[in-house]
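So this first bit is one chain, no partners, the form predicted alone, shown in structure tokens.
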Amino acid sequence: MSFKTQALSLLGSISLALTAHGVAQAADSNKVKVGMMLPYSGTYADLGNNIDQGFQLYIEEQGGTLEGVEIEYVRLDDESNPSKAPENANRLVNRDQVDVMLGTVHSGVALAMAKVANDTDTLLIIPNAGAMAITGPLCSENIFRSSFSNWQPGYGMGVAAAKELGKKTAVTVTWNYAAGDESVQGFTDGFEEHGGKVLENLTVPFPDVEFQALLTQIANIKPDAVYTFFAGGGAVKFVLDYAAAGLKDTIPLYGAGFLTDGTLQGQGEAAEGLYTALHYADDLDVQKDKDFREAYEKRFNRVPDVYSVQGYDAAQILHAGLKEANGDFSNREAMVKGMSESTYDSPRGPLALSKSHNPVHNMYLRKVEDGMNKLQGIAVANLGDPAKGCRL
């Protein structure tokens, strides 16, 4: 074979390869691959599954596609392990070639996902983790959050404690870690802006649940109220210990909504009467929520919670981008515009995203009555996040 013949043959092979690649791209242009990096095992497994189910429900309500685009799922258990997070996120992007990452619950894992998303210019939607840095110094046009920042529920409870409940002094207590610090800062900001005074910030090492020394300090300080940020097993133990120490009837206990979300069964009578603030409640007078709860229970045979809502709204955010882009996921400018500038009909009530892509939504005041987080009113309407350090 002559050199000319070899060259023509090689060019033909390249042409065929490029054509085949183009056909593959065309075939994939009606598909978006979503990497669901969530805790599917361990302490936070229920939270991860509820987020996943909420996301699925929205897609199914649209007939299984968004603007004619098929949604393909790649699921990866993040095990709530920050040390594995960079490898797991890179695996989704580089090996599985997902178009969008969705995750996660644990803030340490989410921070690693945000770095990978920024390094690889991959879209990331965060359906829970509230670390303020994600929509602060790490904010990016390709990172969105459908949940909250740790500051927001704390701020809402601080405002309500001062304005609605008339408290003048408070002590805060939490685990000594970033989420607790950010939540306490939110409470302090809201409480002191409305005339209250935080007397002391008490902490215990994470994940310690030995609270007796703290309870003794609280009894000695005698504040008008106590604000706390605990979740899961720690929340159950603190509420039980607080009541057992005889403090519940003399010093009201308030918290971010996670104090009593998913924990009421374990807390029992000790939780009755507790006030918390969150962007969701069990009895919102919102038609979208009533429809959502009915559909969720019918589809999954279980009652939805705030995590289910956050997963549902993560899918709504993705849909808004595809609407703006007319189903063309490769049109990044339109995708970002749609996701960031749309308003959403959420089960939680009105929802929009701030310039830093953090939710702007109502913080509801709830009270535990008959084992439910019942709505008392809106603590702060349309609350955004300070987004300190964000340069968007």
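Basically, rigid core = biggest C-alpha set you can superpose within 1.5 Å across the two forms. From a predicted model like this one, the values you see are computed outputs, not experimental measurements. We number the residues from 1 along the sequence you see.
Another form, the form predicted together with a small molecule, is not on view; read the next lines as being about it.
Stretch 228 to 236 is the answer when you ask which of 228 to 236, 266 to 274, 117 to 125, 288 to 296 has residues with heavy atoms within 4.5 Å of the small molecule in the predicted bound form. Only one of Y44, Y58, F329, Y344 lies close to the small molecule in the predicted bound form, with a heavy atom inside 4.5 Å, and it is Y44. This chain appears without its partner; in the predicted bound form, the one residue of N150, N88, T188, N142 with a heavy atom within 4.5 Å of the small molecule is N150. Although the partner is absent here, Y177 is a contact residue: one of its heavy atoms lies within 4.5 angstroms of the small molecule in the predicted bound form. In the predicted bound form, Y242 stays away from the small molecule, with no heavy atom inside 4.5 Å. Within 4.5 Å of any heavy atom of the small molecule in the predicted bound form lies no heavy atom of L102.
Taking the partner from elsewhere, G154 is found to have every heavy atom lying beyond 4.5 Å of the small molecule in the predicted bound form. Fitting the two forms on the rigid core leaves the C-alpha of T174 displaced by at least 2 angstroms between this form and the one not shown. Once both forms are fitted on their rigid core, the CA atom of T263 lies 2 Å or more apart between this form and the one not shown. Annotation: Cα of F206 displaced by at least 2 Å between this form and the one not shown, core superposition.
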